[in-house]
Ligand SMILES: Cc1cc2nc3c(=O)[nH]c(=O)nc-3n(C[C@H](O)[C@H](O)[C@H](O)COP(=O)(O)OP(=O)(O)OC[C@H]3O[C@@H](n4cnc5c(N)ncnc54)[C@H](O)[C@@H]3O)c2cc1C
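Given as structure tokens, the chain that follows is alone and in the form predicted alone.
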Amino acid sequence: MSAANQVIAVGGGIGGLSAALALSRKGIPVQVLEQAPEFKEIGAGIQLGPNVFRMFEVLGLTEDMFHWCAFPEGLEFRDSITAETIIDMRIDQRFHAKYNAPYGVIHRADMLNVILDACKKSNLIKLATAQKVVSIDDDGSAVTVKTESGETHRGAALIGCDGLWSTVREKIVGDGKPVVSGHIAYRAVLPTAEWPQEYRLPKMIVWCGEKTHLVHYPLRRGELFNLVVVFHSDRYEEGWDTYGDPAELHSRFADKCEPVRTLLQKVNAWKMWVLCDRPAIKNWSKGRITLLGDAAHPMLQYLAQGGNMAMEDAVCLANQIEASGNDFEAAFKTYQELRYLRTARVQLMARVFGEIYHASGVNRELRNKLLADWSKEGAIDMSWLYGEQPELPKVGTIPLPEPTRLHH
């Protein structure tokens, strides 16, 4: 593989590996540089909207993703103070007919491994770990990258897929650190057998509270349960892999209903992460360098779309590079032009959904009433997010999978 015509992808998470796979499917060689010692996802569950199942189809990953997914039968919103059900939305044949694709949930590690395995099967993708990028030079005809270990990589172009704290973004956008939202999340994964019987349901349940919420759903074909708790906090630690403080957690949820307090007691070790995003930007490319996923448009997790948007980016970008005849500068400009309004809408609406989840006082009562009214009228329409997008390939209807049976 000649270094001259390869693309360098900085970051080996969901975005970087999806970009590598999408480019390899177009016959373009890719060198992936991951700074960690191995390709590995920390974290827990990730929700897969119908929009990302289309990207799996384009990349030939559907069958393998189906194998690891759980497919919830519904989404339920409950008030964490009164325990009342605000919405009980079915994810059924009607949902599938509306969006022509399923809704699934998957463990982040399982999702990453499916993409990684596909990359390993391609002779156009080179994977390198322990490659922390320290300098990037675009001389107008090629991009040269130096890593902390003293290695040099050269390619025709570079894609920064290095997430929220992107080194590549700092070079081409230079807008400093991400915006801290004031909320932190604690996450845990339990075997289904350890999950309380009355909440061992094949659905996603969100308990909305004042400045807090809790969400749980089955994972890995029903063998596990994923629990994520979000609350307002002034604590701030970079990264994803810090252990949380159970005392702080229980104090924030002391006024919540008994079911919520019971669920929290099921976990003795919580991993914590700080929720951050950035304001939307229009330009995330410069010369032969562009950004993808969280490096380009980091978003809060309230719409569960971070990984999904990264995969859409990857497919769109590969298509534009092919359409431009490998004119990378032109392709990168077209790619961001096609993507920036969609990703900005998701960034903005994720913030709005966070306000809805965490409403207090009269706002909370209004939320409960409006959501209940809308769900009765069938007025909750997510076509703007889950429907087909003009800049992405059209695919046929993706079959409805068997519902997940929980392991008791």
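Each residue number is its position in the shown sequence, starting from 1. Worth saying up front: this structure is predicted, and the values here are computed from it rather than measured.
This protein has a second form, the form predicted together with the named molecule, left out of what is shown; the following refers to that one.
Colleague: Quick one: which of 314 to 322, 244 to 252, 296 to 304, 76 to 84 gets within 4.5 Å of the named molecule in the predicted complex, going by heavy atoms?
Modeller: One stretch meets the cut-off, namely 296 to 304.
Colleague: Could you check which residue among I172, L224, L275, V260 gets a heavy atom within 4.5 Å of the named molecule in the predicted complex?
Modeller: Partner contact (heavy atom, 4.5 Å) among the options: L275.
Colleague: To verify the annotation, which of these, V215, A331, V114, A185, has a non-hydrogen atom within 4.5 Å of the named molecule in the predicted complex?
Modeller: Flagged contact: A185.
Colleague: Are any of the heavy atoms in E57 no more than 4.5 Å from a heavy atom of the named molecule in the predicted complex?
Modeller: Close contact is absent here: in the predicted complex, E57 is far from the named molecule, nothing within 4.5 Å, heavy atoms only.
Colleague: Just to confirm, Q347 within 4.5 Å of the named molecule in the predicted complex by heavy atoms?
Modeller: Q347: no, not in contact with the named molecule in the predicted complex.
Colleague: May I ask you to state whether Q35 is within 4.5 Å of the named molecule in the predicted complex, using heavy atom distances?
Modeller: Yes, Q35 lies within 4.5 Å of the named molecule in the predicted complex.
Colleague: Indicate whether A20 is a 4.5 Å heavy atom neighbour of the named molecule in the predicted complex.
Modeller: A20: no contact with the named molecule in the predicted complex.
Colleague: Residue by residue through 44 to 62, which ones have a non-hydrogen atom no more than 4.5 angstroms from the named molecule in the predicted complex?
Modeller: Contacts from 44 to 62: I46, Q47.
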